[in-house]
Structures are given as structure tokens and as C-alpha cells.
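The chain below stands alone and is given in C-alpha cells; this is the form predicted alone.
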């Protein structure tokens, strides 16, 4: 990512409201939050826009609502509300939370549909195939396992109906060229190659943009055909521009194209093929896509049956918002397929935050208070610790860089033994220089942590820049009882 930027637009996927938020949703949102906070520091809050939200239409939503005896709107209000609550508990700093049931979104989607039809990229045709309600898509017979969808363990429906389709195939050469030229960034490189492979090796048919209202009763009516409901992709993917008041809104003119669209691997094709095709049809510039891999929980696939679906609210309640973000992002590098070791969170909290950063803060402030009466003559300069790693989305590596400084500082104390230096007046100058170095390092540790832990960072900076430095009366990171 370029350092000389004037605006930064960040999106998460809009999360489907068929279930409560889990740690998979949280990971993508936390990554976006850290990057948003970082760029607000760099270029000002007014030049950053961070979008998240919920995807609320479709047959699956109507089906779940009916099972619970609720209307689709009541059901979506409930689940969308649970996402808002989770992001509040994790202190997610989004600028806008979009819902595809919002009146503004629906109005702009209708405008987009009309534009696509006027441009001649939509056509009506019969479709016959196997449809999985759980996936909300048609699937091939070759994809079935013992006659069932492998992801949802249910037999697909055999459907034949008249739908409206988007002419995807005419855009595939342009999308391939855009990826190869870097006009459409797909990161990491392995996912870029995967998308190119999809285009080169697989038949990517035109995709349906509508379904019969009998099959999908919950959605946006096609403006020219009230017997058809808008189907998934034009509705859901368009949120990234409807949130900016496309086409004439000031936010749209300022912030599009997106500088970082974060998404999970399971929706790669739709974002790296369908979405660029829609944008090209609308004559709009293409975004930058950043894809994280699948991850397991303590070595197992996340599953309600296994009982390892981790709620963001449960994490925030136990560890607090900022510590939860640290524990998740320090696990593995962005883009990798990895394992989140929830069972080790408490131990890692005590090791890294209590014994590492918390202990360093206590040791240094105690010695400054004790040996220098809390007074230290020091001009603070921000060394911009780990900033380049954050720009490159290397969040774990940024934290490792910061924690290396913490480790080095604690080691320096053990080696130099300031408590011995303090016993001899002739060592006063050396002692003062040592403590200055330690305070300076702590300050830069705190500034480096601002995007990850803004409140803890502010607490540490306030302690170090006070007229008189004092050891905190309460530990900034209270120790957890590992027997719990």
C-alpha cells in the first residue's frame, strides 16, 4: 500500500443474518478496525471511511424466520442487532453499519438494476438445475455427496424457472487483464492465482440476478418485473457503493474505489469475479481485495455440533475488547489458513500482557518514581514502531515487532540492574540515561499499539507524560487465574 494517500475506504463483507456473530466474523472486522484506526492517525478521521453491516435478504432468511414464528423483518432486526451489539462490545470503530433492508440501499439497488438493464448486460432465460437453500445457489450434480450438498447435508431442490441473468462471460477477459495488470488487486498472490485459475480452467456461466418471488419471497422486487426478486449478488455486493450514496453522493466521489475490501475465502469468487464484472458494467474503477484463509478452532472445524463456535461477546466479556483483538490478531498472519488456539488465550494473556508489557510498565515507572522522584527530562519522539508492517497488513508481525521491544527492555533491566546503580551516587548519570531509554521505549511501544489497543495505549502515554511519573496503583493488565 502507498504511503502517500489522501483517503482510505475499508469494508468488511456484510454478514449474512442466518446465525449469530462468531469469531470468524470478528476476525475480519477486527482487521478492518485496526487498519481504520491506523489510517485515521495517518491522514485524519475525515479521510477514512470504514463500512460493515449485514446481508438480510434471501430464501434462507425467510425459512429461518418462519421456523421461529417471526416475520423476515423481525428476524433480520434481531440478528442484525446482535452484530451491532458484538461490534460495540469489541469497540469496532466503523463509520457506517449498512443493512440491505435499509430503504436507501434498496432504492439505489433499483437504480443499479435499471442501469445494468439499460446497458444490455441483463437478459431473461429459463434455468433448470439443483438449488441448495443453505448455500443460496445452484450447484452441480458432481458437487453432491450421496445426493446431498456437502456443506449443508441436505438434498437440493430441482428447480426450473424463468430468471434474469447477468452476462458474466463477456467480462471475464477484462477481469483477467485487470488482475494481471494490477488494476484489480487480489491479495495474497495465492488467491490471485486461484481467481485466474477459475477464469482460465473452469466454466464460469452467466449468473442469475433474480429468482421467482415464489421461490424467494423475501427481497427487492425487480423494477420491471414484480414477479421476480433480486437475487443475492447485485443486492449484496452493491452495498459497498450504496453506503457511499452512489452515484452522485459526496462520499462516493471521495472514497470509491475501495482501498481495502476484506473478505473470507468462501466468498472469493463472488468478490473477485462477480463484483468486478458488475463494476465494469457500471464503468466504475475496481477495488483492492484482501482475502483471509479458513481457520480452525483448537485444531477443529468450527461447528455448532462440536460446540466450538466462539462468540465475540463471550471473548469481550472475559478479556475486554482490546485484549480480545490482541489475542486474535497475534495468532497468525493475515491471509494464512491457520488455527485459533482459544484454549491458550488465558495463558498468552498472562505471558504477553501481564508479565510482558504490564510488568515492564510497573518496573520502569516504579524505578523512575523511586530513584528520580518521578521526574525525567525527555523529549518524546514517535519512532512509528511497526507502522510499515500495518501498512502491509502484517498485523501479527507488527505485534511481534512491538513485543520484541518489550522483551529487549525487560532484558536490559535485568542486565543493567538499575537498583544496584542507584546505590552509588557516582552512577546517577548512567542510571538516569538508562531510565530515559526505558521510558522512551515504553512511549514508542504505546504509540505503536494505538491501532490495536487505543485505550491501553492512551493510559500508558498519560502515565509517561505526566508532570510526575508514578507507578500505576492498579495493574493495567490484571492477572487471570488460569485455574478458571
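Keep in mind it's a predicted model, so treat the numbers as computed, not measured. Positions refer to the first chain, counted from 1.
Keep in mind that the form predicted together with a small molecule is missing from the display, and what follows is about it.
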| item | value |
| --- | --- |
| Heavy atom within 4.5 Å of the small molecule in the model of the complex - residue from 444, 41, 457, 28 | 28 |
| Selected contact from 284, 267, 400, 314, since only one has a non-hydrogen atom within 4.5 angstroms of the small molecule in the model of the complex | 267 |
| Segment assignment from 257-265, 318-326, 343-351, 206-214: heavy atom within 4.5 Å of the small molecule in the model of the complex | 257-265 |
| Residue 123: touches the small molecule in the model of the complex, heavy atom cutoff 4.5 angstroms | no |
| Heavy atom of residue 294 within 4.5 Å of the small molecule in the model of the complex | yes |
| Exercise: residue 240 in contact with the small molecule in the model of the complex, heavy atom 4.5 Å | yes |
| Residue 55, heavy atom within 4.5 angstroms of the small molecule in the model of the complex | yes |
